[in-house]
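One chain follows as structure tokens, the form predicted on its own.
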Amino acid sequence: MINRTAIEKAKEQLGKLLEAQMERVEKLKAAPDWIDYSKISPIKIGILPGDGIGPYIAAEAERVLRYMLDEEIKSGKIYINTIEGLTIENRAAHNKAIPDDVLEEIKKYHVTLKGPTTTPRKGDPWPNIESCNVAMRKELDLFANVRPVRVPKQGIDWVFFRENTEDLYALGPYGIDVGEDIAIDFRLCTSPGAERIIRMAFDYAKRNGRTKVTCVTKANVVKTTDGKFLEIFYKIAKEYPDIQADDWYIDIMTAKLVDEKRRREFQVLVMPNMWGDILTDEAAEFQGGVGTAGAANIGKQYAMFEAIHGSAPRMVQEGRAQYADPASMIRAAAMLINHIGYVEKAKKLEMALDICGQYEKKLVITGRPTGATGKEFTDYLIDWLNNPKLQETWEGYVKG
């Protein structure tokens, strides 16, 4: 027997979701233009240590950040400060993904460098609060998740542009139980949301001499939302006639990334939120795992740079936090440096990370006393940043 009452209740819930998204779309259309860092002094950088291993790797990343931007800090062009309060304990005490006072403080900074934070799951001793990352992306409208993956020796040089504020992640917490037997979740794709991430991918390709942009969807099955995303992709591609545009479905794309012959062909990839989450974690494995990968969350007015892995509370409980690998957060720091306009400094740091993590490997991080500590790895990295043969060694590594 059809439960009409359950259907009407579901309709009411869906109506409220649609109203909220229509209001959001109007805000997107009226959003301010991009911030120009060249006209800002000082550029304010906030350090968010997070929790678990976060404070340990954040300390090393901040050390490298201050080293790379030493002259700018001394001249007053850059200001760096720690923002406290984004721990699971404080978030749980306020029963909020980001406590109001912490969010207010974050908004005082142009960019932030963030350590991992704990997202409670069923069975944890914390309230079921929303992911801190998801909340920050919404609050600051950080619509672009940008993740580079580089393994020069294998010819891998990918940059992923993952839409950050829509898809299942936007409406995932608001699914509807229709009676006892039916549960429905929702995917979201808006025209302005898709347009801005796709255009950003093409603009990046044009600025950085990339010749190809690939769109990843499942538009043959998810016809409405992924279909809209793919349609907008090819519409925008026409504005960039010098850049090749193609598309792949997410299932075969996961296979092609491990295809040694085909994977070198990919350069810039753009995709909806869910597919980006899956694909970028797979891609990070080529570079040494998620522990080595950083990510940027970019909006027109704010940007947040982070490690892409979790807070690893077990490492803290077992007294191993000092052995956590800071490379992911240091790569995020390199992306931050590039984003605010210091491109050559960012390239230098990326080269040193490639040499220390993939080529020379003088020190190896294992997460245990069998390997180096995060501080020892950072010392090793800074030694290479001081090495006059850095560029020459990196070029030799790339050539094999």
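Numbering starts at 1 and follows the sequence shown. The model shown is predicted, which means the values in this text are computed figures rather than measured ones.
From this point on, the text means the form predicted together with 3-isopropylmalic acid, which you will not see here.
- Figure note: of the listed segments 218-226, 324-332, 85-93, 162-170, the one touching 3-isopropylmalic acid in the model of the complex, with heavy atoms no more than 4.5 Å away, is 162-170.
- V134 is the sole member of I73, V151, V134, M315 with a non-hydrogen atom lying within 4.5 angstroms of 3-isopropylmalic acid in the model of the complex.
- Note on contacts: among I308, L230, L269, I298, the single residue with a heavy atom within 4.5 Å of 3-isopropylmalic acid in the model of the complex is I308.
- D277 belongs to the set of residues with a heavy atom inside 4.5 Å of 3-isopropylmalic acid in the model of the complex.
- Although the partner is absent from this view, T119 contacts 3-isopropylmalic acid in the model of the complex, with a non-hydrogen atom inside 4.5 angstroms.
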